[in-house]
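Just the one chain here, laid out as structure tokens, in the form predicted alone.
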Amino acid sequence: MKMRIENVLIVDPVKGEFTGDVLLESGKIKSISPRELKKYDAILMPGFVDPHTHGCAGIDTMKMSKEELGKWENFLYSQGVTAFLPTTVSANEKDMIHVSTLVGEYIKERTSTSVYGIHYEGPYINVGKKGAQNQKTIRNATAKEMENVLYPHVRLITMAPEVGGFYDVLPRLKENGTVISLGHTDANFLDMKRAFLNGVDRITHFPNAIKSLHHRELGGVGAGFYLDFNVEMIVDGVHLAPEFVDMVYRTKGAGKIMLITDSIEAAVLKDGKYDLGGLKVSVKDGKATLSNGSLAGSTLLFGQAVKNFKRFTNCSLKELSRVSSYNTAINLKIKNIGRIKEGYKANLVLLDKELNVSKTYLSGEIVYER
């Protein structure tokens, strides 16, 4: 099946911005035809990638069925998301295996899906920086347990480098192709540097739940700036001040930033009481917190994150396509997505000039249309 997308501003994270047409065939980008246009109808970007989301619209990673995962996937098309990783909270081994098995079966049963694997956020983290993670399930990593919970589709795991077992399981995670991200950690600068020198170059929801910056001890925040880390960011205006987002953009550049939502089941639902990994969460005016005031994920939608980043930083559209898709695809070693290039999967999002999602394409098929 062929489909032509005409008269658009094509935004590729490598080649940049140019007007023209794109031909889709057999689920891939067949050809790109640059044309000088005095005006264009819409903006075409690579489909968005969210590697860190706990749930949405009443669906939670830890409690979902395959049917609910399908509903979640379909909802995210309205946000332009064509690749995402359902994300766990810290949990016991049995629950980790259950969720990972469910996600693995879901992927195998479909010829085309935006579910690209799973992200374990914890439980091998620092209790002192647990945030909205259940302390009862937090523990050290062991080689035996890692063998039990590790599957090929575990693409990402958040761990604290100063917690016992980190370096014991690091080789096995690398062998599996699982990307390690540093998060929920009280690591000092030297701890962070050691992990970085051992090939761990990613930080989870920077700079939330990591050791703060001090001029005599750079901590995790200072390490994020000083070393060449890739950083996730929750750009909702709650977790981070707009000026901080802009500072990270100016300091590290768009090539090192990955947008995430860190959304929970309350996203798109009304304010009220919710559950996150056995912890009670209150949502008021869209802000999710525990009883002690700690932030508990977000109610952010990816489409809004994209608009927020553009507004907070005044970045170019080329840079916006990097932070919303390309950087994460490269970081997680997901091939053939994140660019508008011949031979790549036709996972695309069509936006109006205000960056609202108009259409979403998955493997060349329109899966959402406003």
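Since the model is a prediction, treat every value here as computed from it, not as a measurement. So that there is no doubt, residue numbering starts at 1 and follows the sequence shown.
Separately, the form predicted together with a further copy of the same chain exists; it is not shown, and the next lines address it.
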### Message
I'd like to know whether A241 contacts a further copy of the same chain in the model of the complex, with contact meaning heavy atoms within 4.5 angstroms.
### Response
yes
### Query
How about F189: is it within 4.5 Å of a further copy of the same chain in the model of the complex, going by heavy atoms?
yes
### Task
May I ask you to check whether D246 falls inside a 4.5 Å heavy atom distance of a further copy of the same chain in the model of the complex?
yes
### Query
With the cut-off set at 4.5 Å between non-hydrogen atoms, does S100 touch a further copy of the same chain in the model of the complex?
no
### Message
Among the candidate stretches 170-178, 146-154, 217-225, 74-82, which one is within 4.5 Å of a further copy of the same chain in the model of the complex when only heavy atoms are counted?
### Response
217-225
### Message
Just to be sure I understand the contacts: of K108, R250, K273, K284, which is the one whose heavy atoms reach within 4.5 angstroms of a further copy of the same chain in the model of the complex?
### Response
R250
### Query
Tell me, which of N208, T137, T113, N230 has a heavy atom within 4.5 angstroms of a further copy of the same chain in the model of the complex?
N208
